[in-house]
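Okay, here we've got a single chain as structure tokens, the form predicted on its own, with questions on binding and movement later.
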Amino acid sequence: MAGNVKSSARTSRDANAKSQRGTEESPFIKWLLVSIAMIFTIVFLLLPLVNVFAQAFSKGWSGYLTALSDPDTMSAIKLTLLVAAISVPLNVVFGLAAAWCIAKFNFRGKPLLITLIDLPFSVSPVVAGLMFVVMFGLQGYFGPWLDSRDIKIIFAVPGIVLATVFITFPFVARELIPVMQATGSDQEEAALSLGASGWKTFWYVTLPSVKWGLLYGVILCNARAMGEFGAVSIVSGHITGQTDTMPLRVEKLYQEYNATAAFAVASLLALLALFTLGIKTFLEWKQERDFERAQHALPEPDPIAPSSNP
């Protein structure tokens, strides 16, 4: 019996070694691929990022702070934060509801709902902005009705919020759907069978099991909301000090040949991207560490008892 076990283990090791050798490349190919990846990363990612900060600080700290303290720039920063503060929670609520519905239930129109969630990925942001202009503009379908009641959507904050919500629509839901599908419904069913209410089941069972996916979705949604340009450019009207967001302010300053101020505002967006990447990396590391701790906490399987047969 012991001989059979040793032979089986040896065969398994040999098979694994052959499998690894089959996927290994020569040192030349390995370093060639690594070099290509590093060159592309440096040329197309690192150098432009370094150039943004170099241009932003070309006139020193005083010039940098002066550019950011401009009243119109401060207005653009505040508007960007306001739009993100409105659109991200709305997408979190929708993302949780849509992901729960898709992952936990079967119903007619489920493929259609999934397709509609992915629609902003396939529609150009400029087209999305034009859709809102056609609907809510002065010459649009609802324009005369809104104008008669002195309700402004296009060329105002509500239009910017609508465009941003549409563009960031899929991020939270798309992060949560696979996570909820992977966790299944066993935990919720067990909680309900023990007498927990629907709200308690969601708050204490469902939400903790999808917290990492939710955080990823919120981070990506917030980054896209603050950096959106195309759709917001159509519906905002580019009114300086009123409907300019940070990306629109960068474009306007650059067109006015104020490159230092434009790069200063762009550096804030770059810092946002780096901060978002840092948080995402930290969450991935923490999730992996928690998973490893959970694996170590599991009891080791008992060794196979020797057979009593000769």
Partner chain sequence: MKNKLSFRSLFILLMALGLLPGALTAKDVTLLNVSYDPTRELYEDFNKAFAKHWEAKTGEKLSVKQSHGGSGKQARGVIDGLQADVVTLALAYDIDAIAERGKSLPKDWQKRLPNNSSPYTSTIVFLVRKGNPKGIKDWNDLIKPGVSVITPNPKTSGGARWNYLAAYGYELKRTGDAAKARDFLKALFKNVPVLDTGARGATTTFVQRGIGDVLIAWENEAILAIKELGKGEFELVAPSISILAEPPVTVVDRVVKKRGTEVVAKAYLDYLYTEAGQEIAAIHYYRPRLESVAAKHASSFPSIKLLTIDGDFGGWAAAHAAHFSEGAVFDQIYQSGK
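Please read all numbers here as calculations on a predicted model, not as lab measurements. Numbering follows the first chain given and starts at 1.
The same protein also has a form predicted in complex with its partner chain, omitted here; what follows describes it.
- None of L112, L138, L119, V127 but one reaches within 4.5 angstroms of its partner chain in the predicted bound form through a heavy atom, and that residue is L138.
- Within 4.5 Å of its partner chain in the predicted bound form, a heavy atom is found for every one of F155, H238 and Q255.
- Proximity of L207 to its partner chain in the predicted bound form: non-hydrogen atoms within 4.5 Å are present.
- Contact annotation: K104 falls outside 4.5 Å of its partner chain in the predicted bound form, judged by heavy atom distances.
- In the predicted bound form, none of the heavy atoms of T276 sits within 4.5 Å of a heavy atom of its partner chain.
- In the predicted bound form, its partner chain sits within 4.5 Å of a heavy atom of V133.
- Screening 219 to 227, 156 to 164, 170 to 178, 119 to 127 for residues having heavy atoms within 4.5 Å of its partner chain in the predicted bound form returns a single hit, 156 to 164.
- Along 69 to 104, a non-hydrogen atom within 4.5 Å of its partner chain in the predicted bound form is carried by L82, A85, I86, P89, L90, V92, V93, in order along the sequence.
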